[in-house]
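One chain comes next, on its own, written out as structure tokens in the form predicted alone.
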Amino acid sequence: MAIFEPLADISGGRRKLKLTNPATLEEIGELECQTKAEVDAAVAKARAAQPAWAALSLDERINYMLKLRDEMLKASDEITETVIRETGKPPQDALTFEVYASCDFLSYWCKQAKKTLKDEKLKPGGLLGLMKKVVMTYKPLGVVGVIAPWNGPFVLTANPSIQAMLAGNTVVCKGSEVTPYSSKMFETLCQRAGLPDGVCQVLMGDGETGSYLTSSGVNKVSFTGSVATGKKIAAACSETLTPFTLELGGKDAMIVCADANVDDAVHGAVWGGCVNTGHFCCGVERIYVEAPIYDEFVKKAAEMAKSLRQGQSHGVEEDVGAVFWDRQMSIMESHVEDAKAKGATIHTGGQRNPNEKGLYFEPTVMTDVEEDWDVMQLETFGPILPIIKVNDVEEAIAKANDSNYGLHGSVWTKDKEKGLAIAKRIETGSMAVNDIGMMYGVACAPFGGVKESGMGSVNGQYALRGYTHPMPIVMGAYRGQDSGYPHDQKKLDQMNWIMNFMWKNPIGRFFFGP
């Protein structure tokens, strides 16, 4: 966790921040934000290194990435210790979300890149298909800027960077000021893996440092973070027509049908709302339960949430860790206090954990909430589960779609076809049926939001190709003179005859189109 010190010229005009462990509130170091000149120098270094990196064969770049995976596995304890020190995550969350997920992404992209980035041969339609062919090649963009958030500081630095580097780009990353050393670990491991100097750099700094990177002339920006900052990045990139992807916030809805397995749905709700301390873009933030099972669902959800263990004294058995950032704690408390003041019923939680010194908020289950309250409209990003009773599925769908966000969601029912049909009607980037989904972790599927939840995809083949310029090359099968100069009546008559044959004659339509 970062706490801002008074601005001071400590070295070349750098801003200084104090770093604090959110679980113990002990000071763990300081962060000096890099200057604009240093950011520009890093981008220049990346640009100088990029041609040689792109000139390597894909197999050679893959070999570097596999060495990087080896270093990640060797440094597993080092990564998790760094993440836990900066975030207060439980060991299970740190290992699974940061190390396992990063290695899994790397493995997938190394395998997928050979299919996704190889040259393709395309056949044009119509008469052109008889005379020409197209070779599609995927050329790297150049230098990619990656701006990572604090909720998954290592993996959300690693995943877009690995994709960009495999595609032949160099990367300059900027981790959050809340978790700077967790992101910096990725650069350290790239160095240990022997990647050429300048291929991967991680900057240290705050939002202003990130703005320097956005305006530094990089060839693409990949951003994960808040809606407000995402809009600023989109505006800055539009000034220079720089491509960008934005993976922003969510207010994910969970619909529980009357025929759902209640125990499964309760576990999905509590785990989906509390894992990673609720700092999870695909986390459950709104729950709509059909009336026949509502009381049972609320009772069991409250019991399970109350049973979750908090505090580092539990070691590997800790379930819900600290709140990563004091500013996020303030947002969570504001939403809960607003709901309390308006008459919400708190079944469990609803406050800071009084038994812990650090920034711990108790897993919370609440009912009797209204749709226009902050806890239902704004991204809470914490272990807080507001539950609303609905009369039927149609009401649940309408409420789920009544949001400015659209990132992910889930439907719970024993009838899978029914669940699929409901999922298709939700206005969101992705959905799960009888599962929380961990959608970001499914590398083969495009992950991205609609509405204010973002633009573009961060996974799937189009995300990997998004770090390239798809360049078509037309290969002529003849000298091109038959349709060239000089123009005359004969050629005009021929063109009319060809059009009539292709689209009026039954034989022509059979070969050239309906």
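The first residue of the shown sequence is 1; numbering continues from there. This is a predicted model, so every value here is computed, not measured.
Just so it is clear, the following notes concern the form predicted together with nicotinamide-adenine-dinucleotide (NAD), a form of the same protein that is not shown.
nicotinamide-adenine-dinucleotide (NAD) in the predicted bound form is not approached by E187, whose heavy atoms all lie more than 4.5 angstroms from it. For I147, a non-hydrogen atom is located within 4.5 Å of nicotinamide-adenine-dinucleotide (NAD) in the predicted bound form, even though that partner is not displayed. Although the partner is absent here, N151 is a contact residue: one of its heavy atoms lies within 4.5 angstroms of nicotinamide-adenine-dinucleotide (NAD) in the predicted bound form. The closest heavy atom approach of G217 to nicotinamide-adenine-dinucleotide (NAD) in the predicted bound form falls outside 4.5 Å. Highlighted residues G225, G250 and L407: every one comes within 4.5 Å of nicotinamide-adenine-dinucleotide (NAD) in the predicted bound form, counting any heavy atom.
When nicotinamide-adenine-dinucleotide (NAD) is considered in the predicted bound form, only one residue from F97, W109, Y440, Y360 comes within 4.5 Å through any heavy atom, namely Y440. Site annotation in the predicted bound form: the residue of E318, D206, E290, D374 reaching within 4.5 Å of nicotinamide-adenine-dinucleotide (NAD) with a heavy atom is D206. Here the chain stands by itself, but in the predicted bound form one stretch of 121-129, 338-346, 99-107, 241-249, 241-249, has heavy atoms within 4.5 Å of nicotinamide-adenine-dinucleotide (NAD). If you take 267-283 and check each residue for a heavy atom within 4.5 Å of nicotinamide-adenine-dinucleotide (NAD) in the predicted bound form, you get just C281.
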